[in-house]
Structure formats: structure tokens, C-alpha cells
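The form predicted alone is given below as one chain in C-alpha cells.
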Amino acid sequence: MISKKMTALVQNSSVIRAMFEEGKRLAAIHGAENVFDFSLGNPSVEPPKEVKDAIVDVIMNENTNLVHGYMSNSGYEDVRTAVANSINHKFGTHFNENNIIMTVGAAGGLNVIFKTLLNPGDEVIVFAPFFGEYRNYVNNFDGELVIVSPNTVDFQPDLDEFETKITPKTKAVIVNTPNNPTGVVYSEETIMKLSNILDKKQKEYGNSIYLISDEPYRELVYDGVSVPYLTKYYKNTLVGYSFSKSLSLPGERIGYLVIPTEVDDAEDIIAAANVANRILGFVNAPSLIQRVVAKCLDSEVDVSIYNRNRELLYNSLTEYGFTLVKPEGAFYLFVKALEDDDKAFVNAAKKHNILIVPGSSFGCPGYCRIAYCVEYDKIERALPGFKKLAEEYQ
């Protein structure tokens, strides 16, 4: 018999993945061309040409034992040096290879850092709406997730409520910007206010509170929007990054952690994170793709393709009467459902073969997420269904 903890997790398995599987079922019935799956954040844009060239170059020209062998749990030193130098060039920071740990994507990185930091009962604060797997990652290490209610006006964090939610048991705060599911970029003003609150609370309680910046969408921004680099605003910041979206490599599971030397207990955290990377079963980030991304740190996917999708879908849904905040980054629209029950609304959309995800999965009932990382013509073909769906509620 499986564990009680896993029994609960199986029963509450990811709604996003369930919708993805539902899409395959409907495609078998109606034909894939007649099913409009906007459920999963699976990049539709091709990886940059440099990535494919780098894969061939690494396989053909680098030492086989180096490419496919074991290395330090934190990753290849030259790869970590390249990552640190790239960050320093982009953001004016001063990291070196010791501040970088290569991880199995951002998800692996978050689990490593929670394994490193959390004692049972420690609290981790998140801002709704939030990526639903945060709940599971914190639960993996018997932490407690504390949720700040959504600010549905502009989806910037509610910092007044945030301040009331910080307690002596608060160990970490997660910030995800550009945000999944809203696409909102947290402003510099927001980050500065949040940092000031954390500084004040650390002094009040005499505890270290770590700000964890989860950054898989950093490069996916529009209209010249800038994303603040959080280590420059708050000393106890840790960064989790993934190449899944910036290079369209979600299945390769490659990312990194940044642990600045300035954070409290940095030496111990770096040592513990290396051990956590090993004992969680990752051992090290995938060797081949480490060497590949090190050659592509200045490459990015063509964000204009996502922007074209964003403009079409946002303008069309607004015209049909939907309410939503225009996203500044990522590749999601977070739309107010046309009835109070977001799950019922998602089922109504399914009647038009449109698959979207209820906002309750992200801690924000009454809304739904639409992932527009799909082909442009799929959006065009789905628009009549969205229009009919809106008309049903008028």
C-alpha cells in the first residue's frame, strides 16, 4: 500500500496535467485539428539554432567521458563559471562558479533549496495566484505553505496582507516574475517595498528570511518591460532559473540555483544544497545539456512569436467581453471566468473543445489560465469557440 502522503497527492494530482491528458482523449474523438488545448505551458517556439548546433558540436568534438560522465554534484566548473559570467554581464552582479549550482530544471532547484532550508513546520509564503506545484514542493519537506490573497486589480502582490502573514516561523518567500499564471511582471516599486518589509521583519524576529526568485520566464517579456534582478534589492535572495522557456528545452530539465556569497549562512547553504542535489536522487544536472547551454547563454527564443499570439488572443477576448489584465511576460492570459465557479466555466469551454485551466488550481478561484504558447493558427481557429462561449453567458 502506498504512503498516506502519496495517496493524498495522487487524489489531488495536477489539474494542468489532467487537462493535457483530456486533450489527447478529445483529439482521438474529434481529430487533433479540432481540439484547442491551451492547458500546458509547453513552448511552441523552436529552440534557437545555436542550441542545435551546440548539441552537435558537443557530441562530435568534446571528450566522451566529459560529456557523459559524472562530475561535481554542483555541475561542471567551467559551465558554472560561464553561467556566473553571463549573469554578471547582464545584471552587474559579482558571482563566480561557487555561487552557481546546476540543477534539474527550476523544479529540481526549488526542491533542492527547500530540502536545504526547511525544518518541519517552517513556513513558506506565496502570493496568489501561484504555480500550484509550490504546494507540493514545500509539502515534500513538511513545510507549511502560507498564501497571500490575490490582488485582482492588477495582480501585483498585496504587500499589506503579506506583512501580516510573516511570523517567527517564516523561513522563505517565493516570488515568480514574470508570473505564472498571470503574465504580470512585479514592478521595481513592488520589489523594493517587499524587500523593506522583509528587512524589517528579519530585525524584528532575529531570523533569516530567504527570498526565493523563481525565474523560468525571465526572458519572455514584451513592450520593453524590464524584470528586476532580485539579488540587487534584498541580501537574502536565492535565484532558481530554468532554460525550459528561454531556450524552449522543457524536457531537457536543465537550470541552476544562484546562492550569493552575501546571504546569511551562505557557506553552509551552498554545501547543503550540493548534498541535497545528490541525496534527492538528481546526483547532478544532465551532463550533455549542461555543456550545451554553456555555449548558448546569450541565445534566446524568438519572443515576437509569443507576442503575436498574445496580441491576437488578448484583443479578441477583450472584444468578446472577457475581463483580463494584459500580460507583460510569460505566455499566459489569466481571464476572469464568466461565472463564479471557475471549474464549471472550464467545463463549459470544453464543450467547444477548448481546454483551459481553472484559477482555483493557482489559488485564485473565479479565474482561468490560457496558455498561448501554441501555433498562431490554432488561436485563430479557436476564436469562434471563445466567442460562442462568451455569448452563452450574455
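Note that residue numbering follows the sequence shown and begins at 1. This structure is a prediction, so every number in the text was calculated from the model and none was measured.
The discussion below concerns the form predicted together with ligand PLP, not included here.
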- Find the only residue in Thr182, Asn277, Ser246, Asn176 having a heavy atom within 4.5 Å of ligand PLP in the model of the complex. Asn176
- Message: Only one of Arg253, Lys171, Arg291, Arg310 gets a heavy atom within 4.5 Å of ligand PLP in the model of the complex. Which one?
- Response: Arg253
- 4.5 angstroms heavy atom contact with ligand PLP in the model of the complex for Leu220: no
- Message: in the model of the complex, is there a heavy atom of ligand PLP that lies within 4.5 Å of any heavy atom of Val83, even though the partner is absent here?
- Response: no
- Query: Taking the shortest heavy atom distance, is Gly75 within 4.5 Å of ligand PLP in the model of the complex?
  - Reply: no
- Answer for Val126 alone: is it within 4.5 Å of ligand PLP in the model of the complex, judged on heavy atom distances? no
- Task: Within 4.5 Å of ligand PLP in the model of the complex, counting heavy atoms only, one of 238 to 246, 184 to 192, 90 to 98, 310 to 318 shows up; tell me which.
- Result: 238 to 246
- Item | Partner contacts in the model of the complex for 196 to 223 (non-hydrogen atom within 4.5 angstroms of ligand PLP) | Asp214, Pro216, Tyr217
